[in-house]
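Below you'll find only one chain, the form predicted on its own, shown as structure tokens.
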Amino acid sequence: MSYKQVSDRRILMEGVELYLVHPDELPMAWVGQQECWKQLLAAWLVVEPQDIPMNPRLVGKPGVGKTTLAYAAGRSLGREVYIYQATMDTRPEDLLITPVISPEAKIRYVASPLVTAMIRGGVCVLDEGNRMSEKAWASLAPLLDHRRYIESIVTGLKIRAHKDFRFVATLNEDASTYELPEYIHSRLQPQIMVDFPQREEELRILRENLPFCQEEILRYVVDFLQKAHEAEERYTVRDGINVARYAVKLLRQSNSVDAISAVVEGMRMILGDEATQYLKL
């Protein structure tokens, strides 16, 4: 793919000027299941010049850390990472190139995070991909097989992916999502299951995200999460982080509140009264 670099975030391709977006710079580290980490990096590996990287899908319940895993793995390769949040309103052109009106009242073509990653050899994380419709997925079909390109109708460009481009989709296991069409399902391989972390892993995740939080609070929250996981409740480590974070704020606000009271109050405020049945007092 040939293009002329106009500036850091502008390129000229076949006479069309494209504006590129900035990568995501997030303080995300993966401290969970190492098997998932290895599986993802193996899928992205290219073993011979004739080989191509695979396009894995990370599947699991909301809040188990799929996006964090994908982002941290991409950064571990030393590449820019671009996260695209899929929604039910995502259109094919949203995924590729969008025309917008510039301050000079002219048409400006803006590449999506996915197309920017394709051009710059970055990693694209298509987050919650099964929230978008089949029509949107169809625009990605040639990118996700050996062709590795997309076609933009609004610009008339066929853009091939840089050899270092990598793709991963996260898919939620919940009732509010679409079924993937079979021709996309077969292109998003392998499937990597991300489950709830074990107790020690969950404690390390909380410590990583809340280094300022008292150990007593973290242990109360981890005990709650583990008991909820055993009961197959929906509560995730993300919920635990929010509960612990709010408990810390309550403790800082008042000296008359103890740790367990702060956790109970945090749980009621964030998850509701029914969640407290899983708290060991």
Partner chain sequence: MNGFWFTLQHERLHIMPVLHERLEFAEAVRLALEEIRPQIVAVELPASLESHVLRAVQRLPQVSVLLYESSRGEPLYLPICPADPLVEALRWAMEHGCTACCVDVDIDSPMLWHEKLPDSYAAFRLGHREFYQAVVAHGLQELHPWDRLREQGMALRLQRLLGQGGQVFFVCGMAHAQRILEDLRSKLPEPMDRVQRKGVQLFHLHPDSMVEIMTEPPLFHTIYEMRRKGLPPEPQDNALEPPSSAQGRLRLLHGGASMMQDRARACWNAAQWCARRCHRDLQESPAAGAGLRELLEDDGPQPPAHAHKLPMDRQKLLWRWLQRAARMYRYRTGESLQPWQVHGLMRFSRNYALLEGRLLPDFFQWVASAKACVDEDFAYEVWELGRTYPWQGENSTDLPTTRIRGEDLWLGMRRLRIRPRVPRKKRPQAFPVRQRKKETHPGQWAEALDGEALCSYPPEDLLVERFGGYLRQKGVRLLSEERSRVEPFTSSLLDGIDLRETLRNWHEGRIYVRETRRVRGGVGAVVVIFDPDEDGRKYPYCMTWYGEHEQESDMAFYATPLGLKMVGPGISRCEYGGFVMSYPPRRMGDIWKDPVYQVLGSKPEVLLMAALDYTLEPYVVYVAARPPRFWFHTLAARMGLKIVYLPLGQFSSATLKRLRGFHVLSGRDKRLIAKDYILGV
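Quick caveat, the model's predicted, so the values are computed rather than measured. Positions refer to the first chain, counted from 1.
One more form of this protein, predicted in complex with the partner chain, exists but is not displayed; see below.
In the model of the complex, the partner chain sits beyond 4.5 Å of every heavy atom of Pro142. Although the partner is absent here, Ala29 lies well away from the partner chain in the model of the complex, with no heavy atom inside 4.5 Å. In the model of the complex, the partner chain sits beyond 4.5 Å of every heavy atom of Gln226.
Taking non-hydrogen atoms only, Thr87 never approaches the partner chain to within 4.5 angstroms in the model of the complex. Annotated contact segment (heavy atom within 4.5 Å of the partner chain in the model of the complex): 35-43, selected among 242-250, 35-43, 210-218, 63-71. Contacts of stretch 144-167 with the partner chain in the model of the complex, defined by any heavy atom lying within 4.5 Å, are made by Val154 alone.
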